[in-house]
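One chain comes next, on its own, written out as C-alpha cells in the form predicted alone.
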C-alpha cells in the first residue's frame, strides 16, 4: 500500500519535538479550564463534589444579580487602573533617570530592580509590618513629621486599604515597567531630540513631542500588560487584606477564591472564574494584536 503524498510532505521532527510540551499544556492548562467551565453549570460544593446537580446557566443568572459580583468588578477596575497609572508613572520616572549618563548607573539599575526580585509574600509581610497601627514605622515617621496625630490602621479602614494596596503593588511592579520603558527610550533616535532643541523646544516640549510619541508602541503593550497582571492578582491582595475590610479590596479573583474555599460554593466560583477568564482572554487578544502589529511595523 502506497503512503499518501501529503503524509510524505509532513515534517515529523517538529511534531515529535512539540508533542511533549503540547501534552503538558493540555494537562495543566487546557484540561483544568475545560473542567472549570463544565463545573460552572453545576450546583456543587467541595465536600460533595461528585454529587453536583446540573443547573445549566443558573449560576450565571445568579451572578448577574449578585451585588458582590458587581462590587468586585468595580474594585477590580479601580485597583487595575490605579495600579497601572502609578506603576507606569514610577517606571517612566526611573527609566528617564537611568537613561541619563549618571555615575554608577549600573548600580542604581540593580537597586531599582530589587523590588521585582523579592517574592510577593515576603514583600507583603514587610509592608504589613510597616503599616501596622501599633508598631509600624510608617505611622511612626508620619507622627514624627507632624502629618498625623494618631496611628492609622491602614489595612483595617475602607478608605485607606485600597491606596495602601495600590502603593505596595506599584512598588513591586514598577521595575518591570522601568526596564521596558528604558528599552523603549533607547530606540528613540537622538537626532529627534537634537532637532527639537534646534527648534527651541524645552524639556517639557521635548517630552510631549519626542519622548511620548517615540514610546507609543511600547506604551500600548506595557499598559495592557500591567492591567492584565493586576486583574489576575491574587497573592498580594489575599495576603494583605483578604478582600476586606467590608469588601473594599475584594477583586474578582479574590471573590472567586473566597466563594470556592470560604463558602464552599465551587460551582458558583467556577462561574465567577469563567467571567474572569473571559475578561483576561479579551485583554490578552488585545495585547497580542498590538504586539503583532508592532512586530510587523518594525
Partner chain sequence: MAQVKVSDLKKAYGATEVLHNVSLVVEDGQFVALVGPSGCGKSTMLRMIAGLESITGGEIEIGDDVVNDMQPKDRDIAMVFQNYALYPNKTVKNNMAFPLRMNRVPRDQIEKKVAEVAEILGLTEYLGRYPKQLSGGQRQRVAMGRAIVRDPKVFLFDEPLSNLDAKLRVKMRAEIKELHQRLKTTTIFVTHDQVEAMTMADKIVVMRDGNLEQFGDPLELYDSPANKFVASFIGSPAMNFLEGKVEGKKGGLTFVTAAGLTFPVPDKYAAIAGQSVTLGIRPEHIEMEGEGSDGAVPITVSVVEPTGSEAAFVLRSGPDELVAVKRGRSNFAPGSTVWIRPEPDNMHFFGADEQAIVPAA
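Positions refer to the first chain, counted from 1. Only a predicted model underlies this, so the values are computations on that prediction, with no experimental measurement involved.
Keep in mind the form predicted in complex with the partner chain is missing from the figure; the text below concerns it.
**Q** Tell me, yes or no, whether residue 101 is in contact with the partner chain in the predicted bound form, where a contact means a heavy atom of each within 4.5 Å.
**A** Residue-level check for residue 101: no, no contact with the partner chain.
**Q** Taking 4.5 angstroms as the cut-off for heavy atoms, does residue 224 touch the partner chain in the predicted bound form?
**A** Residue 224 lies outside the contact set for the partner chain.
**Q** Residue-level question: is residue 109 within 4.5 Å of the partner chain in the predicted bound form, judged on heavy atoms?
**A** No.
**Q** Check residue 192 for me: does it contact the partner chain in the predicted bound form (non-hydrogen atoms, 4.5 angstroms)?
**A** Residue 192: contacts the partner chain in the predicted bound form.
**Q** So which of 72-80, 152-160, 137-145, 205-213 is the stretch with heavy atoms within 4.5 Å of the partner chain in the predicted bound form?
**A** Only one stretch qualifies here: 205-213.
**Q** Within 4.5 Å, heavy atoms only, which of 198, 122, 183, 117 is in contact with the partner chain in the predicted bound form?
**A** Checked against the cut-off, the match is 198.
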